[in-house]
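One chain is shown next in structure tokens, namely the form predicted alone.
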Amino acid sequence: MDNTRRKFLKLAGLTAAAGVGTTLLGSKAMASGGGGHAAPAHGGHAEVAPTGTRYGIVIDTGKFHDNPGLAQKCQDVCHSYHNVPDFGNPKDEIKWIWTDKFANVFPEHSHYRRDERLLSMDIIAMCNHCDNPPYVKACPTQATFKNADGAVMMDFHRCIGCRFCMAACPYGARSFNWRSPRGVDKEGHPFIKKYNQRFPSRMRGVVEKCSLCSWRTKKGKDPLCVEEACKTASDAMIFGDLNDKNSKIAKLLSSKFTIQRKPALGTHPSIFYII
């Protein structure tokens, strides 16, 4: 690492630490009734629903379970289009969308005497595109930011590889390129099997993640994973505007029981699961 980059990272670390301290002081001031805003009268946290377009996804885990291989198809279409490299080992793994067991995806929920079907199920997971993303606040260069529609994005050119956002993300939804995605393995095989010219590959030393296919949603299309899922099982994944009461996703959420990942953290994820 050259001196300029080292100095910048050091400065960024001091800046982030100062920011955390300011946040904590501000929280204490609000809790005591001081500061610019009074604490909620009931003693809790006032939750105000965001206005405007707010995109989200509902995932029907049962339909994925009933259609073996569907989750892998969703991952393949996502990773293929976005030039996600396959480094061939868990240590260097890059993932925009992945699967894991219920106990790992939902560690805060009770697993005691759950039915075997649920515990053995492969649950599809991705970035939760939270209303209140702590990782955006942790980034010293604004490389990660939230779009007006709620999608949490990455500017790969701004990323300095400090990984503060990874430490701040409670969902493990960010990956770091320890190796160049554009490289090859010891046998000369490229990490990106078939390069897609329509989407840029990243470089070594940056963080990457799911973008909710913002390049598609801006055109009124569903994310690739949603489109792929619904080719096999109708409504296996539903995408839409959470704030539009007439949207399919809003009507589904008002009629079905769903859960979110680690809701107690107050990040307000926009990915919901029908269990």
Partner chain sequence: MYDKGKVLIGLAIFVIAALSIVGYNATMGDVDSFRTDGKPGPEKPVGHDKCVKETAYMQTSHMVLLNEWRDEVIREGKRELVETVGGEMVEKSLQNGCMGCHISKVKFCDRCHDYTNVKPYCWDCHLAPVEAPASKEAH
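Computed from a predicted structure; not experimentally measured. Numbering follows the first chain given and starts at 1.
What comes next is about the form predicted in complex with the partner chain, which does not appear here.
Note on contacts: among Q72, N132, N196, S120, the single residue with a heavy atom within 4.5 Å of the partner chain in the model of the complex is N196. Among residues of the shown chain, F87 is not one whose heavy atoms approach the partner chain to within 4.5 Å in the model of the complex. Put simply, S214 is close to the partner chain in the model of the complex: some heavy atom of it is within 4.5 Å. Using a 4.5 angstroms threshold between heavy atoms, Q142 counts as touching the partner chain in the model of the complex. The closest non-hydrogen atom of G183 lies beyond 4.5 Å of the partner chain in the model of the complex. Of the candidate stretches 146 to 154, 120 to 128, 183 to 191, 72 to 80, only 146 to 154 contains residues with a heavy atom within 4.5 Å of the partner chain in the model of the complex. Shown here without the partner chain, the chain has only K218 in 217 to 238 lying with a heavy atom within 4.5 Å of that partner in the model of the complex.
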